[in-house]
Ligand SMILES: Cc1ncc(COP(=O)(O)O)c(C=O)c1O
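As a starting point, one isolated chain is supplied in structure tokens, in the form predicted alone.
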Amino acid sequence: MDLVARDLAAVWHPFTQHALWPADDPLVIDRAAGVHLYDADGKRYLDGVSSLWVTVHGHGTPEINAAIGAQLERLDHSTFLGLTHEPGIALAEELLRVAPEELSKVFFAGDGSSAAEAAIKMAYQAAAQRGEQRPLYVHCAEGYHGDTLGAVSLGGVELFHATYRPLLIETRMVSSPGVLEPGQTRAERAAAVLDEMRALVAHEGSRVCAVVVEPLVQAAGGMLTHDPAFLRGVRELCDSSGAAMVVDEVATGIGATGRWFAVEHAGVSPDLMVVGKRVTGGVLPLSAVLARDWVYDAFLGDAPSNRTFFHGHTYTANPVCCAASLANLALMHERGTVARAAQIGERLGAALRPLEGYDGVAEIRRMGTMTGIEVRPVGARTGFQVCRAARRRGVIIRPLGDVVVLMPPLGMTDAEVDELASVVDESVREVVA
């Protein structure tokens, strides 16, 4: 039995409609090298979405692989519940070194969803242990923070989240800062949504526990970008209301926007920051929540106080994952990867500029390397058809509805960036001609 047949007989894939997938010519990836993937027949594909927004230097990075091997020889796993280890300590120190300086403690998790879940629980428990009853969270339409129920409660992508609404915690949702009204600038949109948020917080008073946002780009919502003034306004609102500012940097952090973290573009520091995806260079699962002292201090007390954060995972701060992350971050410093990401983004934007005036394209949105091309539908699954056309040309990209998403590895060369843009241009024009 071939691999596709075995897959169809045994596997349930995420975000995949299996009634359609067998007819979509499923692709079996066999190996990877650099910024390329190879299928089971040996055909090579440029990894245009960095294997779901995670690959930094490319696949098979020798320095990361060597760090993993060395760590496996020394310590493969130890619980982080009441014990510690050097890779976890060193990684916490390194994350704090590149993060906004007000963040002072690191809590490790496994993936973006579990880190987001931890952050919203931290915000609530910290308030409760200060004697405040704050049961509400404020979040944005078109937002996405993962697929656990707490994270889904703060999501605003109806396609993903509507089914689960009866199961979710109570929240208040404001409009997306990235969905513009006709004729509206991004600065005007930021001001309008901030007004909406201020009115909501004023109405709810001290019941608001946290405001949870994706900084500058609502990635899963369709690469919706917003003005940095929105983040500055959220910071001011949280300061005045006593709510925690929680930013989800899973998609935007670790260099994707041309800065270590997207909040740097706005010059603000959150109370809690969620990071993941690129933290290990795209090799192993690891995420974290970075917290300010006031959040951490709310959990300190004697044993009878029960102020402990009763939350964690078996593989929290797995030392092999931490070693991979340390090697990745060291390479990023050595190679100037964050500055290179900004250059890649500018080159990609320039190469895609001819599509901006094309009738079949509604809008191109980009922040750093994070790029979304919204195509005008010409039938069912138009975005998917563009991605299929790119795949025939040897490039892997993914759609979010009719938004074609590009997020290249941060180690791409200029020639590879040009190839990516050229194939996407050709594929868009083919499908929406």
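When you see a residue number, it is the position in the sequence shown, counting from 1. As the structure is a computational prediction, the values presented were derived from the model and not from experiment.
One more form of this protein, predicted together with the ligand, exists but is not displayed; see below.
With the partner omitted here, the stretch from 315-323, 179-187, 134-142, 243-251 that lies within 4.5 Å of the ligand by heavy atoms in the model of the complex is 243-251. The partner is absent here, but in the model of the complex a heavy atom of Ser113, alone among Thr225, Ser113, Thr337, Gln71, sits within 4.5 Å of the ligand. Not displayed here, the ligand is kept clear of Tyr45 by more than 4.5 Å at the level of heavy atoms in the model of the complex. In the model of the complex, at least one heavy atom of Glu214 sits within 4.5 Å of the ligand.
Although the partner is absent here, Gly146 sits close enough that one of its heavy atoms falls within 4.5 Å of the ligand in the model of the complex. Within 4.5 angstroms of the ligand in the model of the complex, the stretch 45-63 places a non-hydrogen atom from Trp53 alone.
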